[in-house]
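Okay, so here's just one chain, in structure tokens, the form predicted on its own.
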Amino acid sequence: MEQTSDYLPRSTRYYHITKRLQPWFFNAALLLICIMMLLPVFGTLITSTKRQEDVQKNPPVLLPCDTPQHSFDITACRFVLEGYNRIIDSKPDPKSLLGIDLTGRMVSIYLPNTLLYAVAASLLVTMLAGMSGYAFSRFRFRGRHTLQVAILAITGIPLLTNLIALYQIGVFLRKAMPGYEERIYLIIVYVGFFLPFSIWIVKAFFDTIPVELEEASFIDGCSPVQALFLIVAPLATPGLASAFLLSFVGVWNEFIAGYLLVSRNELKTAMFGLYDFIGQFVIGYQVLAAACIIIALPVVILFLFTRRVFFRAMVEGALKG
């Protein structure tokens, strides 16, 4: 006779109840963590759509939907794009493609500079990390482990520690070389800072690719270089993509090196532009919030389109063999 749940022992019923409730508690905890992490982003987004008088209101209100009679009235909401208009500073221009010209320094100078630095540095980091990671993963040479430990130790040195020496080198190059380009120097600094950690990421991913695949390609007539580019590189694309994304986000969010190593304001990054807005609009928090949203938006869009590749690299790179 089949035993019903009413006659199960107490320990067994407790186990079944715990097993059913455990996913709910786990999901509730994750949901709570996500909400806590998104609250600052939501607050910044709401602030960027407020008017100046709503931002300065005391006591402050989360949503600009209050009236003298009611604390919240959805028909009285006053969402505006004043902050974004001051950031973009669009002006009519019949010669432009869309009929308007974006003259704001954030969108015309700082963001294009940051995009140039992030893309160039990330591509170089990905290429160099791919070659170095492949060499560490496939070849056994003298001093291999010592070199790996040294690279790992370099990742523990913060960029701020080397900034004084890097600044002095930049000043020397600016005086000694008439054609010195600050942008190239800054990209090299970014590559040197993000390369060591990327080498370890890519090496861990190369370790998951069986060597037998390359050996089989040698039998079919492939050279080692052909096996690398035709067999190994396509399989290592998620690992290389994760190194590119991490380097891109790191360069995009970096401030102090772009501030000290570049002397001309027209070559500085978006983080400097954000700092510049803090100086220009001391109480214009809606402008500052709008600038934060505009700076964060490209990175968010990038991760939305590449999240599958990134998470696949994180999972597969953690497994060896």
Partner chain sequence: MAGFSHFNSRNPMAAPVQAVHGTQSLSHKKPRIRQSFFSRTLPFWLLLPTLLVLAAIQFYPGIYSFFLSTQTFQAGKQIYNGTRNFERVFNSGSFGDSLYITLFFLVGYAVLTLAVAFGVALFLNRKLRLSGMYLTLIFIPWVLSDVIVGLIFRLFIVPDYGLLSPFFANPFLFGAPNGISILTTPQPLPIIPGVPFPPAPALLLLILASAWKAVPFTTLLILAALQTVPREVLESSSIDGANGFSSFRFITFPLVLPTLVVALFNLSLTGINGVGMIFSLTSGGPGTATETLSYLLYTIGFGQLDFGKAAALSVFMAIINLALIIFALRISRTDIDRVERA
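Definition used throughout: the rigid core is the maximal C-alpha set that superposes within 1.5 Å between two forms. Residue numbers count along the first chain shown, from 1. Keep in mind it's a predicted model, so treat the numbers as computed, not measured.
What comes next is about the form predicted in complex with its partner chain, which is not displayed.
Heavy atoms within 4.5 Å of its partner chain in the predicted complex are found in one stretch of 149-157, 84-92, 115-123, 233-241, which is 149-157. Contact annotation for Glu214: at least one heavy atom lies within 4.5 Å of its partner chain in the predicted complex. For Arg307, a non-hydrogen atom is located within 4.5 Å of its partner chain in the predicted complex, even though that partner is not displayed. Residue contact check for Ile169: one or more of its heavy atoms lie within 4.5 Å of its partner chain in the predicted complex. Though the partner is left out of this view, Phe248 does not reach within 4.5 Å of its partner chain in the predicted complex, counting heavy atoms only. Along 125-156, residues Leu128, Met131, Ser132, Tyr134, Ala135, Phe136, Arg138, Phe139, Arg140, Phe141, Arg142, Arg144, His145, Leu147, Gln148, Val149, Ile151, Leu152, Ala153, Ile154, Gly156 each place a heavy atom within 4.5 Å of its partner chain in the predicted complex. Once the cores line up, the CA of Asp220 ends up 2 angstroms or more apart between this form and the one not shown. Relative to the superposed core, Phe255 shifts its CA atom by less than 2 Å between this form and the one not shown. Residue displacement note: Asn27 has its CA displaced by at least 2 Å between this form and the one not shown (rigid core superposed).
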